[in-house]
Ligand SMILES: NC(=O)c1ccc[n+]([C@@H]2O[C@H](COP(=O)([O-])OP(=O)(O)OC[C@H]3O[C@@H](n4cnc5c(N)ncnc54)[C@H](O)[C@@H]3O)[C@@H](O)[C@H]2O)c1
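One chain follows as structure tokens, the form predicted alone.
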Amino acid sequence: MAKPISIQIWNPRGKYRVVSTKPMPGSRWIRLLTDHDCRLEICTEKKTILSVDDILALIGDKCDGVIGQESKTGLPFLFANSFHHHSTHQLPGDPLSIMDGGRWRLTVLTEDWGETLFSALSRAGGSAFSNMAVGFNNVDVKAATKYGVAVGNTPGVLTETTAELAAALSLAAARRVVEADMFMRAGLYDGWLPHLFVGNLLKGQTVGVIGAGRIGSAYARMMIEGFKMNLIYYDLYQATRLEKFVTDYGQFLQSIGEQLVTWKRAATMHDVLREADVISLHPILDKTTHHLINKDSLSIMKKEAILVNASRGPVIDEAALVEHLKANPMFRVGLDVFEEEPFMKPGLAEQKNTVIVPHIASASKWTREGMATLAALNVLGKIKGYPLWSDPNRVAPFLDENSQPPTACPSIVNGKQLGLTTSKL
């Protein structure tokens, strides 16, 4: 069994043993646990992700709760070079990878919280696990419920930060900021020229949102209020609050003599793709949204459109996107997520009409520290027998550093299955 190289221990005499598979930002989450009689062990091993054996070693014979991490599952991808079949190769900082006929099969690119780990946690006396993430694709919730383990996540704290990153990608792509930055750093600037890095004006154009939930709506408000764009959106559910915001803002603009902004709920996703100048993707990822953006849907978009994705990578057929970018140099994309993370499809990085960043949508100090706090409080709350918080998306009371958080678990996804009560606070 693998043994983690390094563990940092806080409050070694604490009654409850809680382990974290990675160091997390901030210190409040540590104080919240140690102040409530928890012995906290933080794995500081320099690995991208821990294996099942690593986590089993962390859990040990006695463990009350675990804070883990959701990463992305690595899918097979073709490698351009020729290697011997069945050779092995160690990617720097990553788990062992197997090369089979020129195709990598990555063994683990996410913490695999399933039957093995939950049964081990249960045997060690544990009753709580929480991802430091909104997603829990790496968790077999049925297995957790089978062993009486509450599964936590951290919604409600990423909305504005993720929307801001999508807005940043939109503006960077529209005004060709990354291209211009590289041009300057290369020492190529000789002086102002009329055609140098001409981009797209956003004011008065149409922003399209596919998936107008919390993040999609927050992004839409930023683009409308910031750049006075008109809105077209597609969602299975009517975004009444967003529609009211646009209506009220349009009336305000008219009252001060400026151009009205408008909204339209599209009947189909294709209506958004055809009409919008900037399209931002905010759907969930399931079998209906896998490759939502593909060769056919790309073909109906405007030749100078901007496509932004800060949701889930497989929403876009990345190979089709590369071909579209090659054929349409004025079409631009801003991507925070990728189809086969942490890898990109061949050719994507070489396209000048791309802005690509490494999955940093939630990477503001406030958000990441808030995620750590919520994950810790999910585990602490279950250990202490606290009830469930009534609204997992209303988390401000848990994040106020000047007061004690509510005596409740912020977000447990299998609370009903475990028969946990809901807080009356």
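One rule holds for the numbers: they count along the sequence shown, beginning at 1. The structure presented is a predicted model; accordingly, all values stated were derived computationally and were not measured.
Omitted from view is the form predicted in complex with the ligand, to which the following refers.
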Indicate whether the candidate residues R214, L236 and T289 are all in contact with the ligand in the predicted complex, with contact defined as any heavy atom within 4.5 Å.
yes
Taking heavy atoms and a 4.5 Å cut-off, does V178 contact the ligand in the predicted complex?
no
Taking any heavy atom pair closer than or equal to 4.5 Å as contact, tell me whether D336 reaches the ligand in the predicted complex.
yes
Interface membership of H359, the ligand in the predicted complex, 4.5 Å heavy atom rule
yes
Is V134 one of the residues lying within 4.5 Å of the ligand in the predicted complex, judged by heavy atom distances?
yes
For the chain shown here without its partner, which stretch in 140-148, 297-305, 156-164, 319-327 has non-hydrogen atoms within 4.5 angstroms of the ligand in the predicted complex?
156-164
The ligand in the predicted complex has a heavy atom of only one listed residue within 4.5 Å, and of M182, I284, L196, L260 that residue is I284
Of these, I210, L117, A128, L231, which has a heavy atom no more than 4.5 Å from the ligand in the predicted complex?
I210
With the ligand taken in the predicted complex, which residues across 302-317 come within 4.5 angstroms through any non-hydrogen atom?
A310, S311, R312
